[in-house]
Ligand code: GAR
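There is one chain below, alone, in C-alpha cells, taken in the form predicted alone.
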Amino acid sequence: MKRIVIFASGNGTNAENIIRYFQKSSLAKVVLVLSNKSDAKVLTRAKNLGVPARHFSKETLHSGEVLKTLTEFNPDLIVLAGFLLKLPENIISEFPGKIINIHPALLPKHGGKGMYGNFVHQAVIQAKDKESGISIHYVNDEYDSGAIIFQKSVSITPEDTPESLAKKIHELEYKWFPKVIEELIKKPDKS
C-alpha cells in the first residue's frame, strides 16, 4: 500500500476529496495531513475521516522538524493541495520527484509567489484569457515552475467573475486531482 502525505493551508476540500477517493483504494491511502495554520479547517476534515493531522509553524518547517515527521511517515507521494508556503530545499531534495502541487490556472501563465485562490482568477479575467484550468506539476525550488504533469482547461465566458471561475476550477480539481495522483502512484518508483 502506497503512502500519501498532504500539505494544505486552508479549508481542505481538495484534501478531503483525495482522502475519500483513496479510502476505497487498495493501491494507496492518505497517512497524514500537515498544515501551517493551527485553525485550518483541513485539520478537522482529516481527523473526521480518521487521518492523522498535525499543525506546524513556519519556523518548524525550516528547522528540520517537518522533514523528520515526513521521514517517519515515509510517503511515496507528497501532495500540496492548497498549501501556500514554499517548501524548503531539505524537503525537496529528500523526496525528489515525489512532491506535486496543483495550481488553479494553466501554467506557466498566472503562476508564482502570491498567485493563489482568487488572485489567480482575477489575473486570468483581467488578462482577458479565453480559458483557464488546472495544472498539476512537480515541485522544485521555485513557485509553480516544476515540470507539468497534467493540465485540463475550461472556457471563460464574458460573464465570468473570479468567483464563478473559481467554481469551474474547483470542479476540475475534484474530478482530476485524485485520478492524476492515482496514475502517479501506479508508476514504478524511479528513486
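Start at 1 with the first residue shown and count on from there. In this text, all values refer to a predicted model and were calculated from it rather than measured experimentally.
Omitted from view is the form predicted together with the named molecule, to which the following refers.
By the criterion of a heavy atom within 4.5 Å, residue 102 is counted among the residues contacting the named molecule in the predicted complex.
Contact annotation: residue 23 falls outside 4.5 Å of the named molecule in the predicted complex, judged by heavy atom distances. Within this chain, residue 95 is remote from the site of the named molecule in the predicted complex, having no heavy atom within 4.5 Å. With a 4.5 Å cutoff on heavy atoms, residue 170 counts as touching the named molecule in the predicted complex. When you look in the predicted complex, the only residue of 77, 91, 106, 115 with a non-hydrogen atom within 4.5 Å of the named molecule is 115.
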